[in-house]
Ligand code: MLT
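Below sits a lone chain in structure tokens, taken as the form predicted alone.
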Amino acid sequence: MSIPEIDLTVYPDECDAFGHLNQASFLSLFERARWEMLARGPGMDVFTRAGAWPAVRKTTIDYHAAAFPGDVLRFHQALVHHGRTSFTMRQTARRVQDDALIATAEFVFVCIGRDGRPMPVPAEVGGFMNARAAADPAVRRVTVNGVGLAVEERGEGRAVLFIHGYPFDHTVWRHQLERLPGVRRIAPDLRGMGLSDAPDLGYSMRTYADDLAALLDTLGVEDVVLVGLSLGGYVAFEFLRHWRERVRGLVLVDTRAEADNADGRRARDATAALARDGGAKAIADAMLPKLLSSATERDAPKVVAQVRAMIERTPVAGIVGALAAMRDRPDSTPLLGTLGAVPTVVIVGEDDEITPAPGARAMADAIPHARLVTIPGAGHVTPLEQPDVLIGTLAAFLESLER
């Protein structure tokens, strides 16, 4: 069962003297959407059946555009944190007529019993709200460092950890997860992205790497081959700084080692402001012209649509957090020369505008014994643009590790 989106109509008595939907009515509509969602799932009485009540502890609302009488607003609900006695729900309201983002809200609830003391969140609530992950039996949620991560796992054998880029999720590796033979493929959504929790604070390369190390511990995985795309490459470098003994091989895809310069840091801040003002859709509009090769844009509309959809479903908190983490990441260039004992292949799309091929070549030259593979017809999203070529490259690299 998927979480239903709820359509609600704005009525004149919910508007102020200027005809705008007022803030008190917005709170009421958000609440009505939550109850309607429960009514279509486990039932409006799901809390009272458990002897609990969801008390609001904190509310944060961003108003992005005005709504008027007659507008139909579509409310989307997502569970972004599920603790023992508390949970956090993020809701968005979009106008159906033009898909304009009207408001985003985040509500922190604490479940209390009749005696006023905190009590566990009813299991039915968490099960229903996590239905997105349950729709695919290969995806499950694992709690590490207080954050729930969604992770897809397939196959058996040597463990390969796929780390996606920004602002994507683990489905960027869909072809490699489905068709790479003979290995245990593990692909999480980083905190703040995909189906994982998206806290407002707590993003850095070290945090991402700590999450992945804890995830591997939970899965009982001692050592892995790291495959990092873009941001995933930055996270892989951080993982190597702290857990090099767990890394049996390294694949760097469309990424770079250098830290941001002053202009780059300013650009990250400007992009974060864009995300706060315009939401994930504004980020998709800004990024898509630079992400894909001209061949992909011309010949693969389904890939273009998938990349846009990945970006647009990324929570704003995760986008802003990732931008801050990338802005403040350390320079990994000094690390490259120390990786001689880690078998490495550097892969880059021939048409990559964000991390161009010359930079990939310099990175491969700096890593002792590393091999460079340039893939024609790919931009910055090689796993989706040229999946078969990447699968073949990965299979050959993994086979060389066995030899």
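A residue's number is simply how far along the shown sequence it sits, counting from 1. Here the structure is a predicted model, which is why all the values come from computation and not from measurement.
What comes next is about the form predicted in complex with the named molecule, which is not displayed.
Inset, instruction - Quick one: from V247, L177, V147, M287, grab the residue that has a heavy atom within 4.5 Å of the named molecule in the model of the complex. - result: When the named molecule is considered in the model of the complex, the option within 4.5 Å is M287.
Inset, instruction - May I ask you to choose, among L231, V172, L161, V251, the residue with a heavy atom within 4.5 Å of the named molecule in the model of the complex? - result: Answer to the contact question: L231.
Inset, instruction - Can you check 208 to 216, 162 to 170, 113 to 121, 304 to 312 and let me know which stretch has heavy atoms within 4.5 Å of the named molecule in the model of the complex? - result: Of the options given, it is 162 to 170.
Inset, instruction - Verify the contact flag for I354: yes if a non-hydrogen atom of it lies within 4.5 Å of a non-hydrogen atom of the named molecule in the model of the complex, no if not. - result: Heavy-atom contact with the named molecule at 4.5 Å: present for I354.
Legend entry - Non-hydrogen atom contact M326 with the named molecule in the model of the complex at 4.5 angstroms: M326 belongs to the contact set for the named molecule.
Legend entry - Partner proximity in the model of the complex: R94 to the named molecule, non-hydrogen atom cutoff 4.5 Å: It does not: once the named molecule is placed as it appears in the model of the complex, R94 has no heavy atom within 4.5 Å of it.
Inset, instruction - May I ask you to state whether R256 is within 4.5 Å of the named molecule in the model of the complex, using heavy atom distances? - result: Yes, R256 is a contact residue.
Inset, instruction - Residue by residue through 33 to 56, tell me which have a non-hydrogen atom within 4.5 angstroms of the named molecule in the model of the complex. - result: Contacting residues: none.
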